[in-house]
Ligand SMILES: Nc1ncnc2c1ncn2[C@@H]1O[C@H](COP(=O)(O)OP(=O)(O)O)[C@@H](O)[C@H]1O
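This document opens with one chain alone, in structure tokens, the form predicted on its own.
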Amino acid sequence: MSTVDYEIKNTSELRHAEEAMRMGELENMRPLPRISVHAFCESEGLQRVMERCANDRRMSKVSLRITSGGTAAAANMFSSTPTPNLIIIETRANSASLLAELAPLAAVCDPSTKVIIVGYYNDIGLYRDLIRNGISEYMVQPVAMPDIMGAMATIFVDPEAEPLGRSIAFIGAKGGVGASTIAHNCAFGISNLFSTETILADLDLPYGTANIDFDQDPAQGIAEAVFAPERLDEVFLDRLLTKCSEHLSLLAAPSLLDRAYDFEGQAFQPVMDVLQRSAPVTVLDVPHAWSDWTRTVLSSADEVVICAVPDLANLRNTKNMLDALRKIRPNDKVPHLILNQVGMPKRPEISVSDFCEPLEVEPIAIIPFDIALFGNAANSGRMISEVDPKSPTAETFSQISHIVTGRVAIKKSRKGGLLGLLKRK
């Protein structure tokens, strides 16, 4: 490899590393509000960046339009149509001509419209002139998706706003794999281990089991929130919650078949918005289904955990779910995987390594089959850490709680590439 090739390779790797670091900053970024954005791109590079922004879950409320062209195209378009909340313009104009180039656009812009300029000249004097003349931000190419979204957040997200809580969605690759049991134990673990106010929301309205697992019989719960979104706020939510422990509250499912539970795609979004404003951590127990509303919930959550048992149907479903979630969450981490009921007597199983190889994902936990431990916990309305706090399974749930809340880095063991920090039988 020549010196030039080596330098180009290193520069490319450095840019990828820098973007990866900036992508990490997006994890804590609040979703953008309901605004309209129109981007005018002169290069294919910026157009690809804007298309990536359009597919990000934090932009779900944003109406984004992308047009080829620069300042002249923007001025021409808005001479006859109202301007959006934000205009993003790419221009190759230099310091001497940029302000003059922007004059026709300024003549047709609404006073409330914000403008971000993406240019090619790293000139502090130009930057000051643009800011002085009402431009919201000037960015120098090459820009990455985190740069653009960070700039939009700076303009439209209130820095004084209360921080949003973290949402963690658990879903099973197949019915009966124990995803709800895992979600409930993790919610209990998070609330106890970190003394953090946690809300467990059971989204399986007809068949939810969170009320049974915590030995509760609430009169109200998530149904009242979903079917009356116009009443939903923090005060109303507080009336619907049931206290399970010092730091854990339950938004229970009715578990009744007195009506059909058919929901539109955005039906649970108001509930999730209020939950994130109400507690530092929300655990979402998502039923095994694939519909508009479950896709929306999974695409909106900060973390997704897929629970599976090691058989062929689970392998197929897990692969399909991972592929689908990678598409609808292109700028987020790959969902976590938990293998449950491993080592069930007399049941043929796929080995852990063979199960994970085609998925290209390693499990964050392997939970052994233990019918006595889980059966006793379920029948007594208690969690695993209450029934047998010193068991390896209780320790595994503790480690899962650390991982999904970001309180511990995932480590690979030297043997087999699986997590060495999780104890298992």
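Heads up: residue numbers just count along the shown sequence, starting at 1. Quick caveat: nothing in here was measured; it's all calculated off a predicted structure.
Quick note: we don't show the form predicted together with the ligand, though the next part is all about it.
A heavy atom within 4.5 Å of the ligand in the predicted complex is found for one listed residue only; from 177, 149, 199, 305, this is 177. Scanning 341, 83, 300, 331 against the ligand in the predicted complex with a 4.5 Å heavy atom cut-off leaves one residue, 341. Residue contact check for residue 368: one or more of its heavy atoms lie within 4.5 Å of the ligand in the predicted complex. In the predicted complex, none of the heavy atoms of residue 191 sits within 4.5 Å of a heavy atom of the ligand. Although the partner is absent here, residue 276 sits far enough away that none of its heavy atoms falls within 4.5 Å of the ligand in the predicted complex. In the predicted complex, none of the heavy atoms of residue 249 sits within 4.5 Å of a heavy atom of the ligand. In short, of 58-66, 370-378, 45-53, 357-365 it is 370-378 that has heavy atoms within 4.5 Å of the ligand in the predicted complex.
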